[in-house]
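In the form predicted on its own, a lone chain appears below as structure tokens.
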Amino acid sequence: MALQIFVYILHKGGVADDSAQELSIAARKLDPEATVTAVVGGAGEQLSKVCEQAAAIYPEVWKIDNEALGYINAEVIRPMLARIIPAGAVTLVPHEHFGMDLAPGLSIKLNAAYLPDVVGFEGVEGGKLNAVREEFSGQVSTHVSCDISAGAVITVRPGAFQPQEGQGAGGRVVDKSGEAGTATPRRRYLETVVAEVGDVDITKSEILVSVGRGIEDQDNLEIIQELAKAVGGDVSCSRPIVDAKWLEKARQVGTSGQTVKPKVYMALGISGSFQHLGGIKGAPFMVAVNKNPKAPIFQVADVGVVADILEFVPELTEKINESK
């Protein structure tokens, strides 16, 4: 029997998150015959815009319009979802801050299994889902089996399932606000503190040359800056570089840094943890250079080079300048 799969759509400013398309692919990978429904919570005109975007991907979209969801709060949306998601269904949620807040408690309310941070699905057999997770910062892939006969709530790692073009669904929007009811939060939204923008706003950069701990020493950053100049891009970095105070926080890419959407992303000496990849949106053309052939970054890169960046980057810069 085909599964019932529900996908929770994140959004901001009336725009659906990139994970909306990724979760559509994940649902089809989980069960190609499944009935897949998107669920969107929010308030007012922005919610309607997101529902329209979701309907272009999913055959049916359930809308929960409630003023309490003007600023999305897992504590509020959790009981609402529990009232409308049927028993035995599988719910997919992006594995990021909000998803990690929402999913564990939702699985308890639905009396369903909880499976976090999935990067792949290998099919369902006898009521058991075979899935792939990663351990030790992506160095090891683990194949797990999860009993989903009573349903499941699964968080899916952003970027693990690449969206495909031409997913048009022409779906319909169904208002579930009445059935979802409401909830009184014990915590409330105060304000959003926007990170300071440094001398360069990497969120607007079309080409990013990003450096990680493989650079080894602050003095070596000069070769990264020369490459960025050669390709007409900006320098960004992973968290270890900021922690070492070699570059300012405004240049950090990741879930604890900036969310970027460049056309080209060069990851130099970066292992590729999900915290770092979670800050990269829009499926850019990714070039990865790392001397560890098992680095997780190679799993998502379009072009991968196994090399020491201290040797490779100067040569690459020289060739690019010669080509000009």
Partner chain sequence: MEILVCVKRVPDTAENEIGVNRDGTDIDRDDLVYSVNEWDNYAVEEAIQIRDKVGGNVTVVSIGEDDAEEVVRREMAMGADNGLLLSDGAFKGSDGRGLATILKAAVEKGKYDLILTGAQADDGAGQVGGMLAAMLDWPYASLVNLVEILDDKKIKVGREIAGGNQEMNEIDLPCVLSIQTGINEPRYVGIRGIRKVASVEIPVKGAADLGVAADAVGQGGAKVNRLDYFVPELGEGAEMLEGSTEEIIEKLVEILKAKGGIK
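Throughout, rigid core stands for the largest set of C-alpha atoms superposing within 1.5 Å between the two forms. As the structure is a prediction and not an experimental result, all values here were calculated from the model. Positions refer to the first chain, counted from 1.
The same protein also exists as the form predicted in complex with the partner chain; that form is not shown, yet it is the one meant from here on.
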Work out which of Val132, Leu221, Val174, Ile84 lies within 4.5 Å of the partner chain in the predicted bound form, going by heavy atoms. Val132
In the predicted bound form, which of the listed residues (Lys49, Arg28, Lys291, Lys261) lies with a heavy atom within 4.5 Å of the partner chain? Lys291
Since only the chain is shown here, I'm wondering whether Asp117 would be in contact with the partner chain in the predicted bound form (any heavy atom pair within 4.5 Å). yes
Exercise: Gln164 in contact with the partner chain in the predicted bound form, heavy atom 4.5 Å: no
If you check in the predicted bound form, is Ser256 within 4.5 Å of the partner chain, heavy atoms only? yes
At the 4.5 Å heavy atom threshold, is Thr203 in contact with the partner chain in the predicted bound form? no
Heavy atom distance at most 4.5 Å to the partner chain in the predicted bound form, all of Pro104, Ile108 and Val305: yes
Taking only heavy atoms into account, state which residues of 308-324 are within 4.5 Å of the partner chain in the predicted bound form, ordered by sequence. Phe312, Glu315, Leu316, Lys319, Ile320, Ser323, Lys324
Is Pro293 displaced by at least 2 Å at its C-alpha between this form and the one not shown when the rigid core is overlaid? yes
Rigid core fitted, then: does Ala267 show a CA shift of 2 angstroms or greater between this form and the one not shown? yes
Using the core for the fit, does the CA position of Gly88 change by 2 Å or more between this form and the one not shown? no
Explain in one word, closer or farther, how the Cα atoms of Val39 and Val300 are placed in the predicted bound form relative to this form, where the distance changes by 3 Å or more. farther
